[in-house]
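Okay, here we've got a single chain as C-alpha cells, the form predicted alone, with questions on binding and movement later.
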Amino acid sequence: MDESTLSSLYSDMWLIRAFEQGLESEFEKGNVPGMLHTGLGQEATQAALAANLEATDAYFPDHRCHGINALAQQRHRGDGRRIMAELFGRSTGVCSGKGGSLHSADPRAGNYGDNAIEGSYMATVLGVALAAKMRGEPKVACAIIGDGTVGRGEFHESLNMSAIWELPTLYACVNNGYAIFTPVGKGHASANIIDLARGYGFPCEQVDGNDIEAAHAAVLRACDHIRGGKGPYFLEFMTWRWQGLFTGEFRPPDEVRYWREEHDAILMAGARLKEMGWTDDDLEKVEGEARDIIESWIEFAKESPPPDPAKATADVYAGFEVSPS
C-alpha cells in the first residue's frame, strides 16, 4: 500500500477512535440517551469498508458502527457532525434526533440503518441487492454483522438467497471473539465463521481485521467482484473489541494485553508509517487533529436543540400525517 492511502486510512481510524472515546465519555456523563455499544478496537474494519463503499452503495451497519456512519456522513454528505448530534438525540441529527445509536440512517450517504433486532437487516439487505440487480446497477449492498448474529436464522436464509439469485451482496462479518460474553467457539460449531459461509458456494475470505492494509485490500477485492456482476462475497474480519457489553465482563488478561498492546490496529498502522519515514510527531499530529474535530462535533451536538415534540410523527409514515390527538 502506498503512503498516501495508508496515511488516509490512519487518519480515518483515529477519527473513529476519537469519536467513540468522546462519545463514551459523554455517555458516562449522562449526555447521550439510550444504550451505547462502542467499536473501540475494531477501527480498521470500519475504515476499510468506508474507504471502498460509495454513496450510491448501500450498507446496513450493526450497533458498533458509529465510526463508519461518521465517515460516510462526512465523506458523502459533507457533515459528520450530524451523526454525533443524532446520538445526542438532537434535532440537527441525521434522523432529527429520533434514531439514536441503533437507528441512525441516511440512504443518501449509503447508510440504510441499523435495527435493534440484530441480524434482521440480513433479510432487508436482500431487497436492496435484488433491486440493484434488476436495475442493472453496479451497486454493493453490504450487511455488517457480528459473530453473534450468525446464530440467527436470517444469516443462513440471507446467504442462501444471495447465492441462488447471485445478488450483489457483501457480507462483512466482524468476528470480535465474543457474543456478549460467550466466546465465539462456544456459540457456534466453528470459531471461524467462514467455515459456515463456505457451504453456499460463493467466494469467502478471512482476513486480519486489525491489519488495515490487509482489510482494505480484501474489501477492494470483494467490491470489485460484486460490481463486476459476479454475485455475493463473504468477508470475515478477525478482530477484538476493547469494551465488554457489561461492566465486569471477564476476559483473560493475556488476551486483553495482546489485542490492546501488541495487535492494536492503530499502533500497527503507525509502525508501518514509521517504516515509510514518519516520526512520532507526525503520528501525534494526526491523533490531535482527529480529537479536535470530534471535540467540535460534540460541542455542535450539545449546542443543538432537542427535537420538537410536535414533529414526533414526521417521517414515520409515508404519504400521510398522523394526528397528535
Partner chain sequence: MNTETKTRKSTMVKAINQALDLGMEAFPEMFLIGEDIGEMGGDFGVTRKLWAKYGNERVRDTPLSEAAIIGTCVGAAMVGMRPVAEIMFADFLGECYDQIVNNAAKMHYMFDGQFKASLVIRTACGGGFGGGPHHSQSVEGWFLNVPGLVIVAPSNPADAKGLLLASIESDDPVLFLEHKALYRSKGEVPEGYYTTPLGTAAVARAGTDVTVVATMRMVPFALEAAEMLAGKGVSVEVVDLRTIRPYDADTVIESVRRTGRAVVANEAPGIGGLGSELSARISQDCFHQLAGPVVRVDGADTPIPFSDELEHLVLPGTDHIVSAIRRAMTQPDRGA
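Bear in mind that the values here come from a model prediction, so they are computed numbers and not experimental data. Residue numbers count along the first chain shown, from 1. Each form is matched to the other, and the largest set of C-alpha atoms that superpose within 1.5 Å is called the rigid core.
Omitted from view is the form predicted together with the partner chain, to which the following refers.
S.K.: If you check in the predicted bound form, is E236 within 4.5 Å of the partner chain, heavy atoms only?
M.R.: Taking the distances in the predicted bound form, the answer for E236 is no, it never comes within 4.5 Å of the partner chain.
S.K.: Using the partner position in the predicted bound form, report whether W297 sits within 4.5 Å of the partner chain, counting heavy atoms only.
M.R.: So W297 does not count as contacting the partner chain.
S.K.: P107 near the partner chain in the predicted bound form, any heavy atom under 4.5 Å?
M.R.: Residue-level check for P107: yes, a contact with the partner chain.
S.K.: Verify the contact flag for N111: yes if a non-hydrogen atom of it lies within 4.5 Å of a non-hydrogen atom of the partner chain in the predicted bound form, no if not.
M.R.: Yes, N111 sits close enough to the partner chain in the predicted bound form that at least one of its heavy atoms falls within 4.5 Å.
S.K.: For the partner chain, considered in the predicted bound form: do all three of P252, G270 and K302 come within 4.5 Å of it, counting heavy atoms only?
M.R.: Answer is no for this spot.
S.K.: Please identify the residue among A143, L87, V140, A215 with any heavy atom within 4.5 Å of the partner chain in the predicted bound form.
M.R.: For this set of options, the contacting one is L87.
S.K.: Within 4.5 Å of the partner chain in the predicted bound form, heavy atoms considered, which of H225, R152, R81, H76?
M.R.: Filtering the options by heavy-atom distance leaves R152.
S.K.: Which is the contacting stretch out of 168-176, 226-234, 204-212, 123-131, given heavy atoms within 4.5 Å of the partner chain in the predicted bound form?
M.R.: Among the listed stretches, the partner-contacting one is 123-131.
S.K.: Pick out the residues of 19-41 whose heavy atoms come within 4.5 Å of the partner chain in the predicted bound form.
M.R.: In sequence order, P33, G34, M35 come within 4.5 Å of the partner.
S.K.: Once the two forms are fit on the core, has Q21 moved its CA by at least 2 Å between this form and the one not shown?
M.R.: Result for Q21: no, shift under 2 Å.
S.K.: For E303, does the CA position differ by 2 Å or more between this form and the one not shown when the superposition is done on the rigid core?
M.R.: False for E303: its C-alpha shift is below 2 Å.
S.K.: After a core superposition, would you say T313 shifts its C-alpha by at least 2 Å between this form and the one not shown?
M.R.: Where the cores coincide, T313 still shows a C-alpha shift between this form and the one not shown that is 2 Å or more.
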